[in-house]
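Shown below, as structure tokens, is a lone chain in the form predicted on its own; questions about how it binds or moves come after it.
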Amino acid sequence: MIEIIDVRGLSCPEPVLRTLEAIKKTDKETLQILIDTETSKENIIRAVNSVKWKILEVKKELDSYRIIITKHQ
């Protein structure tokens, strides 16, 4: 099961900080991040790439984005 990090409604830098915290603590290979702003989406993508995780998918939904990330193998 994929762990979901829901950071919708939070202002930067909180979505990035919570995403990086989840990456450090998880034992999962894949995480799903839910966000609601373009700025948070871009910042999370940069942060994920900086810690050697990989973006699998960025999906626009009604009023939010779903980013699926995985550990580099």
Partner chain sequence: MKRFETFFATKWGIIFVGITIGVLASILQKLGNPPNMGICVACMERDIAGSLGFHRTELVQYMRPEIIGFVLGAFVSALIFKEYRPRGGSAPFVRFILGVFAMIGALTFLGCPWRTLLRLAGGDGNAIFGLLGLITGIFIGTRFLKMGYSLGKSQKFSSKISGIWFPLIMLLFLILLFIDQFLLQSNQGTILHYSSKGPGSMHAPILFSLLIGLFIGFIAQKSRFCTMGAFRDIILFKQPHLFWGVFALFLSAFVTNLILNQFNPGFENQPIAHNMQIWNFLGMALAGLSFTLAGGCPGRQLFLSGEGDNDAAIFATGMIIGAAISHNFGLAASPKGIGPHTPEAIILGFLVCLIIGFVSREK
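Positions refer to the first chain, counted from 1. The structure displayed is predicted, hence computed values, not measured ones.
What comes next is about the form predicted together with its partner chain, which does not appear here.
Mapping the unseen interface onto this chain, Glu3 falls outside it, with no heavy atom inside 4.5 Å of its partner chain in the predicted bound form. Remark: Val16 counts among the residues lining its partner chain in the predicted bound form, judged by a heavy atom distance of 4.5 Å or less. The closest heavy atom approach of Arg8 to its partner chain in the predicted bound form falls within 4.5 Å.
In the predicted bound form, its partner chain lies farther than 4.5 Å from every heavy atom of Glu57. Within 4.5 Å of its partner chain in the predicted bound form, a heavy atom is found for every one of Glu38, Glu42 and Arg46.
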